[in-house]
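Quick heads-up: it's one chain on its own, the form predicted alone, in structure tokens.
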């Protein structure tokens, strides 16, 4: 005697339900309005960069925050582009991943052209400014602030591009919370030298000191850092390293630990 399989109908029902859900989803997508990212979700904070005697030095931490949660602690927010340019990004990590994809496409196209004229840092900077401005005009911005640094033909380059396509160039640049806390420290260190460039050791100490202040003050920062240099020898991005910090002074602050 053949008994009915009670699971067969259940399986068919599940398939019908899945099919119905897909049809409903397709129908909903057809009539739904086009949406845009309203705010970044997983984000990185400050990028600091400064010109020094031999080229460009840039520093970021390795934290990507999910809202206020310090979620991802080993994220690289600097990208090497060619042999003479580096990009540092604060803001939305997924948008920076898309920018990384665009840079890969651009460098592949440049390699295939093989015209003997590699893209200069200024070219990368101009390209990114146009990308950011075009996305802004579509009301679908890439939620990033980018720092472009480079060294080519004996000249250092350091520029800034934000999500609206606004650009400027400077001897020192800081994004995120660092634009308020670290930028005055960077400018003071550079301007008081009266045009004499920083040495490599001085630039390292300056950036580490600024990142230490940000770690104390910025709730979205971390004391695990990466440092990059762009010189005549090329682009070098260091392995992550930990910054020494001191919290003993906090015991004397009213309300600490309460």
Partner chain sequence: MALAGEDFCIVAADTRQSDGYHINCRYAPKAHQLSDKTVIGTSGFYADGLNFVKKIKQRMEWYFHQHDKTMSTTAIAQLISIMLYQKRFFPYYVFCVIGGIDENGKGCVYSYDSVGNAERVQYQAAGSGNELLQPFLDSQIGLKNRSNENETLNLTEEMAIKIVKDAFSSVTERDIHTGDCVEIYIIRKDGVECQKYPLKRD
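Residue numbers count along the first chain shown, from 1. What you see is a predicted model, and the numbers here were worked out from it, not measured in a lab.
Omitted here: the form predicted in complex with its partner chain. The next part is about that form.
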Quiz item: Is its partner chain in the predicted bound form near all of 166, 170 and 191, within 4.5 Å of a heavy atom of each?
Solution: yes
Practice problem: Name the single residue among 108, 117, 74, 130 that comes within 4.5 Å of its partner chain in the predicted bound form, judging by heavy atoms. | Solution: 130
Practice problem: Decide whether residue 137 counts as a contact residue for its partner chain in the predicted bound form under a heavy atom distance cut-off of 4.5 Å. | Solution: yes
Practice problem: Verify the contact flag for residue 185: yes if a non-hydrogen atom of it lies within 4.5 Å of a non-hydrogen atom of its partner chain in the predicted bound form, no if not. | Solution: no
Quiz item: Is residue 95 one of the residues lying within 4.5 Å of its partner chain in the predicted bound form, judged by heavy atom distances?
Solution: no
Quiz item: Using 4.5 Å between non-hydrogen atoms, is residue 179 touching its partner chain in the predicted bound form?
Solution: yes
Quiz prompt | Contact segment among 98 to 106, 83 to 91, 142 to 150, 157 to 165, judged by heavy atoms lying within 4.5 Å of its partner chain in the predicted bound form | solution = 157 to 165
